[in-house]
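In the form predicted alone, a lone chain appears below as structure tokens.
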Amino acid sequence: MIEPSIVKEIIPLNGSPLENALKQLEIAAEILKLNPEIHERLKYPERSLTVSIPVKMDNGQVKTFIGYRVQHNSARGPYKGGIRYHPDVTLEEVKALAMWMTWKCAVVDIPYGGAKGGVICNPKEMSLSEKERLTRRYTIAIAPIIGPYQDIPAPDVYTDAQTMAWIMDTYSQLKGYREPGVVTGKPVNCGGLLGREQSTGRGVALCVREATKVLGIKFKNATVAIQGYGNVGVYAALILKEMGAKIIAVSDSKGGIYSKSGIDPKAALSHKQKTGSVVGLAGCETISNEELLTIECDILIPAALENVITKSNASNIKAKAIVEGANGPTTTEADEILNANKVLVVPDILANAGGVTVSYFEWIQNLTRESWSEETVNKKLEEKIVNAFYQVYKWSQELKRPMRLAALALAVNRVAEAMKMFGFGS
């Protein structure tokens, strides 16, 4: 049983993203007895850029959008982080996301600092040509502070490989030469990486496998339930099935399916592509998303929305471990209950770090003009994720804290140590 005083440290009370990020940093600083000067410096991004982006719309009118690029910390390397297009983007949110990217990169020990970008827009209401013009003008606006050795953007919410191709092309035109290393997550034929699409799901699957080992669960035919059958959930299911686990439940926004004897992930994906949902797959029982969370299984993977595991359902979860494919699927109160019930929670900062890890591999290849096979990429990803898992697990055991808090402390410590070596706060 974890002491209540420790449980309350796991993650801050629900507030704004930036309030949560700052509270998490405060908790890590207390555990690490962090130098106050370093703690103070880490509270603030090194640079926050706000830009106005005039775009000629298809109707001939010019509309001005507001965009941001926030660079949190560069002690461990160039800034790294995605760009999102969403009507609810705020500077405060982007600052929080940039800080979390610093910790995510540090957890898996890749030489990046955190950054994030965003544009306030509704891409669902924009044509492809409008999004292209927006992207190119945004790139021009942030071009002075990005680059392969300075800040490397990537896809995020409502941006994709096409968006990255536009950024790369615009940046290259400004420089006068082709520079694929300015972004990651590009199309393969533009310097992108084989295996990138599957990387986040693969990282989740690898964390599942290692979680069964530390819990003493036989991985062969270990039962897995996955909430969310998008990119992360689909590839996690396919790879876990290939590894030998048994997928017994999956769901999407319209509902879920369950089969005690196991579900074929490929059949579920094909059915969803044809009908719009996994619901109705032959030989499976229809269940709700809420029912999926409390199914008796070895491993539960929330890979859809945030805050789906709450104080109202946490005590009913029967899984022995939760591996967070989504960002922030577990609330503060649920964390307390899960840890009291000795459910191992592999936090999102570690579990879904496969994407940024493979982005790092893409960047290396762009800088060296090499081209790795998918087999090589997957092998290197496995090495990074497995090493990170056990480093976090070791910290968890030594600190007698949950893995979420251990991952945060490990990450902050790595950044702080780099800052000390450069003479800051020593």
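Fair warning: this is a prediction, and the values are worked out from it, not measured in the lab. Numbers follow the displayed sequence, beginning with 1.
Quick note: we don't show the form predicted together with ligand NAD, though the next part is all about it.
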Heavy atom within 4.5 Å of ligand NAD in the predicted bound form, from candidates 284, 97, 326, 89, belongs to 326
Exactly one of 229, 171, 103, 112 comes within 4.5 Å of ligand NAD in the predicted bound form through a heavy atom, and that residue is 229
How about residue 352 - does it come within 4.5 Å of ligand NAD in the predicted bound form, if we only consider non-hydrogen atoms? yes
| message | Contact with ligand NAD in the predicted bound form for residue 289, defined as at least one heavy atom pair within 4.5 Å: yes or no? | response | yes
inquiry  = Even though the partner isn't displayed, in the predicted bound form is residue 184 close enough to ligand NAD, meaning a heavy atom within 4.5 Å?
reply    = no
Notebook entry, point to check: Just to confirm, residue 253 within 4.5 Å of ligand NAD in the predicted bound form by heavy atoms?
Noted result: yes
Counting only non-hydrogen atoms, the one stretch of 113-121, 143-151, 304-312, 238-246 within 4.5 angstroms of ligand NAD in the predicted bound form is 304-312
Of the residues spanning 260-276, the ones with some heavy atom within 4.5 Å of ligand NAD in the predicted bound form are 272
